[in-house]
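So this first bit is one chain, no partners, the form predicted on its own, shown in structure tokens.
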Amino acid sequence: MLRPEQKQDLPVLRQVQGEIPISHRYTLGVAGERFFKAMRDQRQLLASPCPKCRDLLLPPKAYCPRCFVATAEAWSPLTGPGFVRGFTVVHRDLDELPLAAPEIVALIGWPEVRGGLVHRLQEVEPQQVALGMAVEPVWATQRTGCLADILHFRPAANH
């Protein structure tokens, strides 16, 4: 904690608008590549099991972050609907401009799975969303092996 006399010595910060032309390449790694290939090729979400603590991890990982052991080779496809574990309704874009319509962003989890996916929730009004709501992915027709292969989640048809 700063003493009052130290606070007056702090420089005044300024914000400068601009762009820095930087390109980068994100490497998925072994676990990410396997996960996104299953989404692209089989329209399937996979979770990796830890052989020690028995946690099922989503997104899948090559090593359990709790036990620090390699996850099992036999990854499990997630079955059934996911469930809304948390959500927010977004009214402004990243530039703080009002959106034409509010967007719902939700944390989707599955029973007995540690972790989940953050994604858009559509085909439902914001006031209808509830914690525990069953949801299913809506898959893109043309998939490329990225999270956008799921266009959004929607309320599950059979729940």
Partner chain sequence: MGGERIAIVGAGCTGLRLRTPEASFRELVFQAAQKAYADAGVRPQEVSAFVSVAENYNEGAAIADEYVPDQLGAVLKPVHAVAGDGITGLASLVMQLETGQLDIGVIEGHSKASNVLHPAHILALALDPIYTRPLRFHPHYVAGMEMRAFLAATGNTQEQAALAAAQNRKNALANPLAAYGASLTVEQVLASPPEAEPLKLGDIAPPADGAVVLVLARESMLGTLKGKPVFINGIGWSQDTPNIEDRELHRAAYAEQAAQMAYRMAGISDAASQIDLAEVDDTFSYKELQHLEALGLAPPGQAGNLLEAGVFSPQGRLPVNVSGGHLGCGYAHEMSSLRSVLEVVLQLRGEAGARQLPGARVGLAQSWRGIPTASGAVVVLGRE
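These numbers were taken from a predicted model, which means no experiment stands behind them. Positions refer to the first chain, counted from 1.
Not on display, but discussed next: the form predicted in complex with its partner chain.
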Indicate whether F87 is a 4.5 Å heavy atom neighbour of its partner chain in the predicted complex. yes
Within a 4.5 Å heavy atom cut-off, is V124 in contact with its partner chain in the predicted complex? no
My question is simply whether L58 lines the interface with its partner chain in the predicted complex - judged by any non-hydrogen atom within 4.5 Å. yes
Using a 4.5 angstroms cut-off on non-hydrogen atoms, would A134 count as touching its partner chain in the predicted complex? no
Residue by residue through 106-139, tell me which have a non-hydrogen atom within 4.5 angstroms of its partner chain in the predicted complex. A106, L107, R114, G115, G116, L117, V118, H119, R120, L131
